[in-house]
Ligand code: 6PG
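Okay, here we've got a single chain as structure tokens, the form predicted alone, with questions on binding and movement later.
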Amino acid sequence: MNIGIIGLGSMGLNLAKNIISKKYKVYAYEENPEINNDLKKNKVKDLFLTESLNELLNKVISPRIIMLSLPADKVDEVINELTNILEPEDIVADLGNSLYSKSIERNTLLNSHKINFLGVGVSGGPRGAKNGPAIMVGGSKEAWNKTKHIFEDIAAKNHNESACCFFGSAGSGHFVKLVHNGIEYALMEGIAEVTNILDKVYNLNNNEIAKKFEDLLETNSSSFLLRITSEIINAKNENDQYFIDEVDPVIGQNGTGVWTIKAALDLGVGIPSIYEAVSTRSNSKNFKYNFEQNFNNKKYNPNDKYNENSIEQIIFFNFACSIYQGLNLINESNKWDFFNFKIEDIFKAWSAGCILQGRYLDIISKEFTKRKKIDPQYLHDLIQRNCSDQLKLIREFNSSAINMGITCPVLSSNLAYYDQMFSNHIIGETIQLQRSFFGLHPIKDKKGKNKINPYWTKL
């Protein structure tokens, strides 16, 4: 099957190289003259450039698959143009970072022209695109059957199985990618907070922290994010300065974390750690204000030593709680009649190639095969098997940071999230009575059967 690609930015070009390496013929169109000129000077073997969409479609034999690797604000414009020139049974696959609801709309539009649509979430960045990404697909079943060999060929492999999955209806692939990105925000922020605490509270230098994270790569907390963090915090420029001491602390974001939060709000699902990570990125524009802290901080005591075994558990606990929140969001989205996710498929798609990959995820996946449910019992069993001492070490680590005014919003929210589900210290009763008093909202007893009528309800 000949393949057409529209968009040769960093993702599109590396996807094209990946596809070509699997012996497919690729024709491509890129409207940016700078990228075009660069590709004409530095030709990619077996990548055939075209000068227009019409030429592209003339080169690719129908029934065609046309892959879009475009900025989110360009996708609709190109699809509208394609509807006038594609033929029935052709396939449009959107491989960009698109909102799932937009994929549903695009599927409806293209179907009205008898054109098939696939919404394809791709994770792994440009390196993953070239060497094998994680691929999450939703849309036309017919189109998937015709093209799955391509996506499975180019996807990352985990024990010879492709990290590639078809989730069903239009929008489902991009919804899984959306949740993936939200979790990614939380894991990145959590690791950054641990790094900061080891530095500011326990006085480890960059080399010592990097070595600690490198050692963790041999444990159940091992992950792609931990591996790259062990490298970047110890990396220096040509002047022997650490990059971490040079870089602007204002954090960039492309909006996918916000999409995750909006989806959770629509479904009434709590994802506090993902919210805190997104909120920290938004608030990072204020990091440049370097006010002198007036906390009652304890001074660092060189005799204070963190438990060597605690860092692995701290990382695993925060990974597990953040992942659980995302999986719970996906599970709850099945109440929408257009989604029908199987959690084992999520683990398959995230098993390799993506930002979330790691040994910790294998542990979390294996625990799911025992429980077969995403519910509080699953999270409870997962933490009990992998974190000892009733989370005492984790609480002490968080407390040491809070006592010194070191911010750790994701670490704190994960602990609060866990305690809300499994602690006997519940706060719901007070809020229920407050709502009853000022709003006369009905309340029931703890068994949920009998209505309670406090004296203030009698006006």
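The first residue of the shown sequence is 1; numbering continues from there. Computed from a prediction, not measured in an experiment: that's the story for all the values here.
In what follows, reference is made to the form predicted together with 6-phosphogluconic acid, a form of this protein that is not presented.
Look up in the predicted bound form whether residue 185 has a non-hydrogen atom within 4.5 angstroms of 6-phosphogluconic acid, and give yes or no.
Looking in the predicted bound form, residue contacts with 6-phosphogluconic acid include residue 185, since a heavy atom lies within 4.5 Å.
Given that 6-phosphogluconic acid is not shown alongside this chain, does residue 358 nevertheless sit within 4.5 Å of it in the predicted bound form, heavy atom to heavy atom?
It does not: once 6-phosphogluconic acid is placed as it appears in the predicted bound form, residue 358 has no heavy atom within 4.5 Å of it.
Any non-hydrogen atom of residue 71 within 4.5 angstroms of 6-phosphogluconic acid in the predicted bound form:
Heavy-atom contact with 6-phosphogluconic acid at 4.5 Å: absent for residue 71.
Would residue 83 count as touching 6-phosphogluconic acid in the predicted bound form under a 4.5 Å heavy atom rule?
Residue-level check for residue 83: no, no contact with 6-phosphogluconic acid.
Counting only heavy atoms and a 4.5 Å cutoff, which of 248-256, 376-384, 151-159, 360-368 contacts 6-phosphogluconic acid in the predicted bound form?
Going by heavy atoms within 4.5 Å, the stretch is 248-256.
Check each of 102, 281, 227, 212 and return the one that places a heavy atom within 4.5 angstroms of 6-phosphogluconic acid in the predicted bound form.
Selected option: 281.
Can you pick the one in 123, 318, 107, 98 that has a heavy atom within 4.5 Å of 6-phosphogluconic acid in the predicted bound form?
Contact with 6-phosphogluconic acid in the predicted bound form is made by 123 alone.
Interface residues of 162-177 toward 6-phosphogluconic acid, as seen in the predicted bound form [heavy atoms, 4.5 Å]
Heavy-atom contacts to 6-phosphogluconic acid in the predicted bound form: only 177.
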